[in-house]
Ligand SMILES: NC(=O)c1ccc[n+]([C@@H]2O[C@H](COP(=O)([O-])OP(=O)(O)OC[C@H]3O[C@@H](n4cnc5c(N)ncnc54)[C@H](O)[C@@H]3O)[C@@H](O)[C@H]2O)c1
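One chain comes next, on its own, written out as structure tokens in the form predicted on its own.
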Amino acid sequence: MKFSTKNLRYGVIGVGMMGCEHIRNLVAIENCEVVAFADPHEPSRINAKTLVKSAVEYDDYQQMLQDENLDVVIIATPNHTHRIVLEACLRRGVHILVEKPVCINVTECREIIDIERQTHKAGRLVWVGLEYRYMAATSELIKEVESGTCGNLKMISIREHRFPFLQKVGNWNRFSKNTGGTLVEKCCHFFDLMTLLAHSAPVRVSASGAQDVNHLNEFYDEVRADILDNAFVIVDYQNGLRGMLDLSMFAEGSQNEQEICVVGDGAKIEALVTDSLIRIGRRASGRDGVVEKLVAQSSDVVQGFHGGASYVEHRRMQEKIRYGGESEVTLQDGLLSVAIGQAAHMSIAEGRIVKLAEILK
């Protein structure tokens, strides 16, 4: 696949909430166009058509892949369909951005990595939509850590206190068999951030969690929704760093939906995501030396969901497509984020510490 500065032709598979978010971002970017989209759910197609009237709509993504001359495909279908949709797109040779999680378990992730190797073409990108890396506050925290502000990083703690899962088409996200479980579906973002910051491999996971408040009396075809709504997860890394996740899905009364804190032997950095605020406190300066700064995306970024992160993600991916370079968020990154979530669910179910080697064997 040759590098090119031509107009990039996009197809979107799955035009629910996130599929339409990607369309809104892409129509705001020059030198690319959404030429087609596919979704079996007619109301979703009708909604997508209002965003990009010139695009050809399909109810079958396979037909879209066959009929359209596409450069890039966005996959934003339900989690449990990613495996089969990814394979079809990989075999077409197009660039791919697949929404998180890559797949619902490590086995499927590994199958996709193998298929990517078999079908690989020079310059073809496969990019995983772990867009929390590109939120303004999170991105600034990553830059500070990489610049050495913390010194040697030792601890990462992430708190997400938020609202329950949204309603999705067919209520697919009410069941762990479809999502991979809450700690895969929702929390792969945070496990990805932990691993990115740690610069090390995760080795052990210990977790406690339950379904205590949300969806307790929701039944679909006489089967009760089974997704966890709260958990604590501890991740130990090979280099001695420790990460912790504190999740509550019934904490609507929170000013900051996500709070990320990293501590090294030289400083502590906090990112308050909703407020888009960074706090830096150096040990040598003590409590009175804490510095705060507001951060924001540049003025040309389409805000949308995740504070404009998806827009930034698309611009970065397009630069790599046009001028060469590797994916910034690889299938291997996606696999590790899924593996930690899968290990956390196993830890909860079996009441023990789980070694990542058990999941990655």
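This structure is a prediction, so every number in the text was calculated from the model and none was measured. For every residue, the number given is its place in the sequence shown, counted from 1.
Only in words, not in the display: the form predicted in complex with the ligand, which the text now covers.
A residue is said to contact a partner when one of its heavy atoms sits within 4.5 Å of a partner heavy atom; residue 19 meets this definition for the ligand in the predicted bound form.
Contact annotation: residue 14 falls within 4.5 Å of the ligand in the predicted bound form, judged by heavy atom distances. Within 4.5 Å of some heavy atom of the ligand in the predicted bound form lies at least one heavy atom of residue 169. In the predicted bound form, at least one heavy atom of residue 38 sits within 4.5 Å of a heavy atom of the ligand.
Checking 243, 180, 202, 129 for any heavy atom within 4.5 Å of the ligand in the predicted bound form turns up a single hit: 129. When you look in the predicted bound form, the only residue of 330, 297, 44, 318 with a non-hydrogen atom within 4.5 Å of the ligand is 44. Note on the interface: of 98-106, 255-263, 193-201, 221-229, the segment with non-hydrogen atoms within 4.5 angstroms of the ligand in the predicted bound form is 98-106.
Along 69-99, a non-hydrogen atom within 4.5 Å of the ligand in the predicted bound form is carried by 76, 77, 78, 79, 81, 82, 99, in order along the sequence.
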